[in-house]
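Just the one chain here, laid out as structure tokens, in the form predicted on its own.
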């Protein structure tokens, strides 16, 4: 038993390991210091501009900090966020699936030529065009914002997946064909694992675009949601509420990026760190 415990006990770190550990801690500490310094600078600049321009036109940070709890207590905060998240969940979910399918189909030069111009048009078209088109055709019906979100975001997903297809090593696909690997197995064991980083990139950028389009469509063609609340606040010149909705929008986006997307990305690609050690 004593021998087993002695074997399991970690030995003392070498001088090089201690040096690398100290450098790593310093790097993390410096990163957080500069990040916090950025937030402090932004808040001070915001407070200064608010004082110069006027608190009624540009509410300061303290006023917004009081307004957000008031929105939460009124019940409008969570109901509006829930409506917006439902829209983006449905709209971007469809756009993501469509973009993945089209991106994978671009392995064929025929499908690549078939979808190329449609993807290009979606990329260069302002999202306002699709939002207004959905409003004219469907009015306040759900089909309007689903149409706008899909037409604006599917191309972002498609382009990222198609770039992954073009980066796929040709030797791997040629070898799989030489050994008689079926097309489905080649897609499952070679193509899809290789595309994983590109899919995460498509998810991140596609969701960010879809989130913006969702709020934009709510401004024009909705009677609920964050965009609707921002429109009402601007019409009534309630600048504190307008800024409160915008800041909550930013906070949610940061939380989603840092605590959800980055977390699952690190978890999914954990094998890279293990393989490099």
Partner chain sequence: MATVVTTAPSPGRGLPGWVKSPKFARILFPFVVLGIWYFIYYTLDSRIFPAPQTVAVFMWEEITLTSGVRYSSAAENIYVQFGITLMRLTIGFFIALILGTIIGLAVGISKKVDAFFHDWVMGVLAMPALVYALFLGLALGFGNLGPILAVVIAGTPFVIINIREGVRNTPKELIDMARSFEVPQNKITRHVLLPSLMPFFFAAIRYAYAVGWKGLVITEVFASDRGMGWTIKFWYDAHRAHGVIGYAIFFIIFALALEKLVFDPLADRAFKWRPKMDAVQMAEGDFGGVQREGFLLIEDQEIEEGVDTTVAKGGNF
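Residue numbers count along the first chain shown, from 1. Basically, rigid core = biggest C-alpha set you can superpose within 1.5 Å across the two forms. The structure presented is a predicted model; accordingly, all values stated were derived computationally and were not measured.
Although not depicted, the form predicted in complex with its partner chain is the subject of the following passage.
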**Prompt:** Looking at its partner chain in the predicted complex, is some heavy atom of each of 69, 104 and 150 within 4.5 Å of it?
**Reply:** no
**Asked** Does its partner chain get within 4.5 angstroms of any non-hydrogen atom of residue 95 in the predicted complex?
**Response** no
**Asked** Are any of the heavy atoms in residue 258 no more than 4.5 Å from a heavy atom of its partner chain in the predicted complex?
**Response** yes
**Message:** I'd like to know whether residue 128 contacts its partner chain in the predicted complex, with contact meaning heavy atoms within 4.5 angstroms.
**Reply:** yes
**Message:** With a cut-off of 4.5 Å between heavy atoms, is residue 52 one of the residues that contacts its partner chain in the predicted complex?
**Reply:** no
**Request:** Could you list which residues of 123 to 137 come within 4.5 Å of its partner chain in the predicted complex, counting heavy atoms only?
**Result:** 123, 124, 125, 126, 127, 128, 129, 130, 132, 133, 135, 136, 137
**Asked** Does residue 69 count as moved between this form and the one not shown, where moved means a C-alpha shift of 2 angstroms or more after fitting the rigid core?
**Response** no
**Asked** Cα of residue 126 displaced 2 Å or more between this form and the one not shown, core superposed?
**Response** no
**Asked** residue 38 and residue 205: do their C-alpha atoms lie closer or farther in the predicted complex than in the form you see, with a change of 3 Å or more?
**Response** farther
**Distance trend in the predicted complex - C-alpha atoms of residue 123 and residue 258, change of 3 Å or more** = closer
